[in-house]
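Have a look below at one chain only, the form predicted on its own, in structure tokens format.
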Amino acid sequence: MKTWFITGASSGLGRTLAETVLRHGDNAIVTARSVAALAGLVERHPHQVLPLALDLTVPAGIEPALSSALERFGAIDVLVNNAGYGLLAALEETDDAHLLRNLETNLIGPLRVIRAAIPLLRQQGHGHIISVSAIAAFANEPGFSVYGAAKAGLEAASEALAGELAPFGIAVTVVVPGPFRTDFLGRSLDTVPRLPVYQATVGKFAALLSSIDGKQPGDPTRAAEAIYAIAGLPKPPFRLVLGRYASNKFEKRLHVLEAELQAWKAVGMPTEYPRA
């Protein structure tokens, strides 16, 4: 039996993951901005669930939440940074309020949670930190400049964390989903007024997202089972790409990067001091 700490468990993939964890008989500390949204989980699994209010934009709530988790279950085996939301806007369209709130929720908040949890996991001598990213972190589209930047930052930080924490028996994994049939394209996608000059780029991507809402190929239950399968493994993957869409896009991006590297080596390589 493992004990999970899952942020953003009120809906979407976080909710499905919490349900999956509980169905397997594990314990779950589930967080959301409103504890009322977690009532159903508590009613069905009163002895396995600890619901906590946690807003990632309010740093003061993080350490008390972790302390409450330890007080209830004694350990945290798997920490899942799932809370987040999308922002569909060209960078020029994005004011500071939207920019800062998105970065605070998708990047800074998760890093704060991880930072606060590290001493606890080190003391235990084990743990697995899983952060939910997005294919936009690796192969982005017009309109996801801020959202993709936040997720890419989380991935880069996680790569460094993997090296920092390995000596303490703490594993790090980044989950990279494509479009899954959750409420991400509804209540979890913020927008700003569109400038006409971006209608052909951001507007086109927005239309695509609208057309697939409710028809996304990804099954959240199967995604949750995949995450459950790698949690706590002796050697889990650093990056777990979920779904055919994300896998194809990831692979295509790798080919593009390799081609570009080779095409411009003649310009980039001769920039070092001559060898003696």
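Quantities reported herein were computed from a predicted structural model and do not represent experimental measurements. Numbers follow the displayed sequence, beginning with 1.
Keep in mind that the form predicted together with a small molecule is not shown, yet the notes after this line are about it.
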In the predicted bound form, does each of H98, G143 and V146 have a heavy atom within 4.5 Å of the small molecule? no
Residue-level contact is defined here as any heavy atom of the residue lying within 4.5 Å of the small molecule in the predicted bound form; does D183 satisfy this criterion? yes
Even though the small molecule is not shown here, does Y85 get within 4.5 Å of it in the predicted bound form, heavy atoms only? yes
Though only this chain appears here, would G203 touch the small molecule in the predicted bound form if you measure heavy atom gaps against 4.5 Å? no
Tell me, yes or no, whether R33 is in contact with the small molecule in the predicted bound form, where a contact means a heavy atom of each within 4.5 Å. yes
Among V174, A150, V80, A134, which has at least one heavy atom within 4.5 Å of the small molecule in the predicted bound form? A134
One residue of L66, L56, A224, I29 in contact with the small molecule, assessed in the predicted bound form (non-hydrogen atom, 4.5 angstroms): L56
Counting only non-hydrogen atoms, which stretch in 56-64, 228-236, 247-255, 41-49 is within 4.5 Å of the small molecule in the predicted bound form? 56-64
